[in-house]
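Only one chain is included here, represented as structure tokens and corresponding to the form predicted on its own.
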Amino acid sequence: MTVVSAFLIPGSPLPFVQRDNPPWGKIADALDTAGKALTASQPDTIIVYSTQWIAVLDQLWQTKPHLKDIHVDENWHEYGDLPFDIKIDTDLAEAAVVATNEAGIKSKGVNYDKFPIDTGTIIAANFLNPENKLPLVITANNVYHDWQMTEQLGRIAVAEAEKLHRKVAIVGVGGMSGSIYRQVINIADDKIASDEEDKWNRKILSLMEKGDVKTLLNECPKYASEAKVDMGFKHFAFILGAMGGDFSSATVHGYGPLYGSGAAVLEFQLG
């Protein structure tokens, strides 16, 4: 089996930089649980699709072998810096560049110093690969790619991993409902900003727990629109493509608010 585990996680830095705040600490604990599950699945490489790495012209893949620096989040900079130390599976990343181009999706690798690694990728690396034992393949969210093309990217990445005899963990990084508080709140009292969005999040999570892929595919467009979902929920499209379009069930390790927006940590059961 090429895909040995798959996860959906939020890309917000709040659980990492302020985990002593009870609502955010619960998400941090869930991310720790996901990290342990990922390690237990014994992948060779982690493939990460983050909604926060924005691309416009091409599909971008990180090909610099080692990324190490300190990042300042553009929204939550007052909470502190985000260090990162990430190794890249360059063979798989470069193979994915070739394969996506051959599939008609214009792609290229990115390899230069001080490239601005996005917060979501850093959060995934710090929680799911904290000791930097595993290399990553990191690909961007092209804003012009629709659900189907994003799903195709996941399929291609896994197909190339199979050719290289890699066992991979799939990580889609992004939020659920997208409304955030525009005013200062008492962070200890944080909650989902909209009751309707909370209902939508819970409905989608329930469908994932049941492995009801057919209903999910029918509901996701409406969910994305009505709950203002992060980037149209394309991070789930990538995961779904990587899993071959199906999964048997999912475990919700955590669900809650991140300054009003919806965040969930899920582990998918395959096949």
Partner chain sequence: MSKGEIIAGFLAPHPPHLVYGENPEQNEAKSQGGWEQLRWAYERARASLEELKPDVLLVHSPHWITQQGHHFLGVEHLSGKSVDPIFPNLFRYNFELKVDVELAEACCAIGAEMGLTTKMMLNPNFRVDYGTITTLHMIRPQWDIPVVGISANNSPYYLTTEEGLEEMDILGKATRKAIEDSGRRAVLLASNTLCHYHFSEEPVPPEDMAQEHPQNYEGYLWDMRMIELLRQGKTGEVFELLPQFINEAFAEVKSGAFTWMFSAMQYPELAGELHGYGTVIGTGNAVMEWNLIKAGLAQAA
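Fair warning: this is a prediction, and the values are worked out from it, not measured in the lab. Numbering follows the first chain given and starts at 1.
Absent from the display: the form predicted together with the partner chain. The rest refers to it.
Checklist entry - Just one of His77, Arg155, Lys167, Lys191 has a heavy atom within 4.5 Å of the partner chain in the model of the complex. Which one? => result Result of the distance check: His77.
Checklist entry - Which residue, Ile187, Ala159, Ala99, Ile180, has a heavy atom that falls within 4.5 Å of the partner chain in the model of the complex? => result It is Ile180.
Item to check | Proximity of Ile54 to the partner chain in the model of the complex, heavy atoms at 4.5 Å | outcome: Output for Ile54 is yes: heavy atoms within 4.5 Å of the partner chain.
Checklist entry - Taking heavy atoms only, is Val110 within 4.5 angstroms of the partner chain in the model of the complex? => result Yes, Val110 lies within 4.5 Å of the partner chain in the model of the complex.
Checklist entry - Can Glu94 be called a contact residue for the partner chain in the model of the complex at 4.5 Å between heavy atoms? => result No, Glu94 is distant from the partner.
Checklist entry - Should Asp85 be classed as touching the partner chain in the model of the complex when contacts are defined as heavy atoms within 4.5 Å? => result It does not: once the partner chain is placed as it appears in the model of the complex, Asp85 has no heavy atom within 4.5 Å of it.
Checklist entry - Tell me which of 168-176, 129-137, 113-121, 146-154 has residues with heavy atoms within 4.5 angstroms of the partner chain in the model of the complex? => result Comparing against the partner chain in the model of the complex, the contact stretch is 113-121.
Next on the checklist: Going through 218-254, which residues have a heavy atom within 4.5 Å of the partner chain in the model of the complex? Please give them in sequence order.
Outcome noted: Heavy-atom contacts within 4.5 Å come from Lys228 alone.
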